[in-house]
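A single chain comes next, written as structure tokens; it is the form predicted on its own.
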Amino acid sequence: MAKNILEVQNLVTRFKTEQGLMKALDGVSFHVEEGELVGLVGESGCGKSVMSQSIMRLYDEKTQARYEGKVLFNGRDLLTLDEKEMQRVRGQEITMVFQDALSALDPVFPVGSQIAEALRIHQGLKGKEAREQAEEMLRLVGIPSPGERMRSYPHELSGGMRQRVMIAIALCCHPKLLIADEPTTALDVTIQAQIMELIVRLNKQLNMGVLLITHDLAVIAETCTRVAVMYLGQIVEEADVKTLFRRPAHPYTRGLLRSIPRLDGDKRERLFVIGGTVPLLSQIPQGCRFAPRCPYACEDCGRREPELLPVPGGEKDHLARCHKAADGQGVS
């Protein structure tokens, strides 16, 4: 059996604000196995990017945030490491592809030197050896004429090429875990498909664990083995992909699935919309966090916060944070 490369246990992230500490993540738990591709889905403002950056400890713990819980990477709790130890983990053992490659890449250096820099810092390569390895990484991610592109600046490349450069930087040190935070944002449909095909191919080729963060459930269905649904700083449902699409247990998951346009649907039919919006962190409702937007909410939902529990009669490892799912009533 594959071992867990990453185990997040009851992770809490609090941000320091003028109003005091705001809890952006509240008891998040999930895992990624070695070589597995796990999806994380939810609306904007649900905490997906906060969770990914908390795993990497990218928020300044003196001025910005506080962490609680455990983030076990190969059995080692990342939250207990000092900053020098974390710097050795970031970029070498765990890497990240950010949403906007143009903002993430340095505009004043050619992309080849930016890949080579990661190789010098983490692999100790120098000069010609670092440049040759950087060129090989551009070739691996499918950039044509990699020798010429080594000298290009980020603004001279298309959006798809910039994202491939980001992936090359992320993979140049052969990490065990890749976190891809909406890697196809602002790209056209054809390029999106190419980027996702690249990530899936490298996942299999390198036996690398991948945590894929996205809004697109269609991408999740095509690429992932398991999926976690996030809402307002909590995991509200987790299951293997087939189970989630066939038998969603949480009303929020059902709403997301109903929001997907269907090719075989009636073109005159209005697309389903989940009512309301994700609340601010300062306005988290009591009880179930989704209750104010849930068509199945009852009085108990507004009083008592549900736990993430196995779905009665469901598949193995199918969990949902819903009172009705937990008591076997369902929400259909």
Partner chain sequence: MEQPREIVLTAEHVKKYFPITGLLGRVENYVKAVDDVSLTLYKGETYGLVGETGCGKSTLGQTLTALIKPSAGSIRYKGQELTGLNGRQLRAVRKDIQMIFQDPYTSLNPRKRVGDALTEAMAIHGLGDRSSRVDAAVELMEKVGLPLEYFYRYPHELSGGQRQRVGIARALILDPELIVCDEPVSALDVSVQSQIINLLLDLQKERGLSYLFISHDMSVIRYTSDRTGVMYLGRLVEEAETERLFEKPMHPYTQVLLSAVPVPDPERKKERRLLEGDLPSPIDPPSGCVFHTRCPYAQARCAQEAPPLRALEPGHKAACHLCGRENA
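Residue numbers count along the first chain shown, from 1. Being a predicted model, the structure only gives us computed values, none of them experimental.
We do not show the form predicted in complex with its partner chain, though everything after this point is about it.
Colleague: Given that its partner chain is left out here, which of D77, E136, D106, D188 has a heavy atom within 4.5 Å of it in the model of the complex?
Modeller: Looking at the other structure, the residue within range turns out to be D188.
Colleague: With its partner chain left out of view, which of L81, L202, A221, L72 would have a heavy atom within 4.5 Å of it in the model of the complex?
Modeller: The residue from L81, L202, A221, L72 that makes the contact is A221.
Colleague: Considering non-hydrogen atoms and a 4.5 Å limit, does its partner chain approach V273 in the model of the complex?
Modeller: Output for V273 is yes: heavy atoms within 4.5 Å of its partner chain.
Colleague: Is there a non-hydrogen atom of A193 within 4.5 angstroms of a non-hydrogen atom of its partner chain in the model of the complex?
Modeller: Yes.
Colleague: Decide whether P261 counts as a contact residue for its partner chain in the model of the complex under a heavy atom distance cut-off of 4.5 Å.
Modeller: Yes, P261 sits close enough to its partner chain in the model of the complex that at least one of its heavy atoms falls within 4.5 Å.
Colleague: Test of understanding: in the model of the complex, would E43 fall inside 4.5 Å of its partner chain by heavy atoms?
Modeller: Looking in the model of the complex, residue contacts with its partner chain include E43, since a heavy atom lies within 4.5 Å.
Colleague: Just one stretch in 25-33, 53-61, 297-305, 274-282 has heavy atoms within 4.5 Å of its partner chain in the model of the complex, so which one is it?
Modeller: Contact-bearing stretch, as computed: 274-282.
Colleague: When its partner chain is placed as it is in the model of the complex, are L6, E85 and E129 each within 4.5 Å of it, taking any non-hydrogen atom of the residue?
Modeller: No, the candidate spot makes no contact with its partner chain.
Colleague: Out of 230-258, which residues reach within 4.5 Å of its partner chain in the model of the complex, heavy atoms considered?
Modeller: Heavy-atom contacts to its partner chain in the model of the complex: V241, K242, F245, R246, L256.
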